[in-house]
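This document starts with one chain, in the form predicted on its own, laid out as structure tokens.
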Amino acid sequence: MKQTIRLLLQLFLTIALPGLAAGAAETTFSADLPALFTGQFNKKLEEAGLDYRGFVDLRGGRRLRQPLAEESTSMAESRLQLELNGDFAGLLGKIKGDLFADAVDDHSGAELREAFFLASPLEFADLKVGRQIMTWGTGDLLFINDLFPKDWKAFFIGRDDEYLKAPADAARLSLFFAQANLDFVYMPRFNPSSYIDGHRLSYWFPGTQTIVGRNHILRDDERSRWFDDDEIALRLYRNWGGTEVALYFYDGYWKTPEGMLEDGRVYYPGLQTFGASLRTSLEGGLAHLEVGHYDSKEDRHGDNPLVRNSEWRLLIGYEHEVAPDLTAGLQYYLEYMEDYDNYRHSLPPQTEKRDQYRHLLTLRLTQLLLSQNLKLSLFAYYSPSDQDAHLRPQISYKLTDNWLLVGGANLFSGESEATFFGQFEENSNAYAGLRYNF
């Protein structure tokens, strides 16, 4: 295994930092995995002003139901992640990427997760340029004003939660003032989310009114023109005595393809959002409130059945430690569709229609045991309007400071195949993984 890790690491460095690859080749291994980073290799890292961290993750999963149009194995992959950080005369740099082998798709490759420089050109300003993972808002696995890309495939098959947040190529300017702080993000090319398209996960297709998968892979009309298909995001925020208040603005496109072309391809219609959030301590816990308006710029009257209507979204949540090492969090989420009558009258006959109001409740329970080495958790989504649910139980145990064993499941149910979670019943899966952190 150590030789495999060594080869993967050398390949990563050859791609990312060619000058260090030669040093890695001279490394002499001992019986311990951290010895991978001793000797000449470690010396070259120090000379370059770099420090490192990373992990090796082996993970596999199986579906709990016999799928009609997918593989029974939901996940079978190995990953090496390496993160390098450096300080070059006040200019901070970071590069983080994965090398992976995926047995389900019989595919291996590399993924660059982050690669950016961070500078402080003024005392009150930070500028971060490059590939980066960004997030804001107050929700726990629910997003209103966070319009940065997500990887929903990774989330639903059992990869680590960090892979839900996908990278974006962007320039982020942060300004810090006594009255308030401002984040300005410019993405010169559209960064979509990785959506459910039939590859790895089956879904409800309105065109045939059936569940489809690999037999019907969605094709999208990519928005990939630099400086034409661009995005802008703003956040203005301030803390008043422990209460954080924020205002948000986004101008770009729906992050998943919420429009369909006449040739059957899906695409990303224009979107503009305004929102606000509040987070504060309350009765020994933490409460949050978030609201946002989604202006669907290509269907402002709601009479185009091929483009998603404008919406209002609301989120209320509260988290509290109910007992020693036991934390509970509750959230209520609402989607309200505007111009509902126009939407309903524009639908073709026999088409399943969405509700005007979609209600969603979430519950998170986290219990730490055995000196906090054993972690039991449950995250549950339940929609009383759609009558569907998604349960995410997980257990993890720290074998040592470096080794982590994890297991969990994604369980879906619903009364109708046309609802969001109901369409994924065939995708219910259980998974297990082993990770070595270095």
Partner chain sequence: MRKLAINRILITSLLLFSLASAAGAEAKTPEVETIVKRANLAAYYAGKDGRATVKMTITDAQKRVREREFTILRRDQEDGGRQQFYVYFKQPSDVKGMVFMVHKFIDKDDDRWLYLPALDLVKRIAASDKRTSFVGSDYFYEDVSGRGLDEDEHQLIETTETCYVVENRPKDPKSVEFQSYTVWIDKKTFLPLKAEYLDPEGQLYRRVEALKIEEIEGYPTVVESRVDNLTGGGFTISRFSHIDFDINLKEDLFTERYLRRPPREAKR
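Since this is a predicted model, take the numbers as computed values, not measurements. Positions refer to the first chain, counted from 1.
This next part talks about the form predicted in complex with its partner chain, which is not shown.
inquiry  = Which residue, Leu306, Met187, Ile196, Leu286, is the contact with its partner chain in the predicted bound form, using a 4.5 Å heavy atom cutoff?
reply    = Only one option qualifies, and that one is Leu286.
ask   = Can you pick the one in Arg223, His216, Arg279, Lys153 that has a heavy atom within 4.5 Å of its partner chain in the predicted bound form?
value = Selected option: Arg279.
query = Only one of 294-302, 91-99, 247-255, 187-195 gets a heavy atom within 4.5 Å of its partner chain in the predicted bound form; which is it?
reply = Going through the listed ranges, the match is 91-99.
request  = Would you check, heavy atoms only and a 4.5 Å threshold, whether Phe124 touches its partner chain in the predicted bound form?
outcome  = The answer is yes: Phe124 has a heavy atom within 4.5 Å of its partner chain.
query = Heavy atoms within 4.5 Å of its partner chain in the predicted bound form: does Glu352 have any?
reply = Because no heavy atom of Glu352 falls inside 4.5 Å of its partner chain in the predicted bound form, the answer is no.
key: Contact test in the predicted bound form: Lys398 vs its partner chain, heavy atoms, 4.5 Å   = Residue-level check for Lys398: yes, a contact with its partner chain.
query = Any of the heavy atoms of Arg79 lying within 4.5 Å of its partner chain in the predicted bound form?
reply = Looking in the predicted bound form, residue contacts with its partner chain do not include Arg79, since no heavy atom lies within 4.5 Å.
ask   = Should the three residues Leu201, Arg392 and Tyr431 be counted as contacting its partner chain in the predicted bound form, with contact defined as a heavy atom within 4.5 Å for each?
value = No, the candidate spot makes no contact with its partner chain.
request  = Go through 227-247 residue by residue and record those having a heavy atom within 4.5 Å of its partner chain in the predicted bound form; state none if no residue qualifies.
outcome  = Heavy-atom contacts within 4.5 Å come from Arg235, Tyr237, Asn239, Gly241, Gly242, Glu244.
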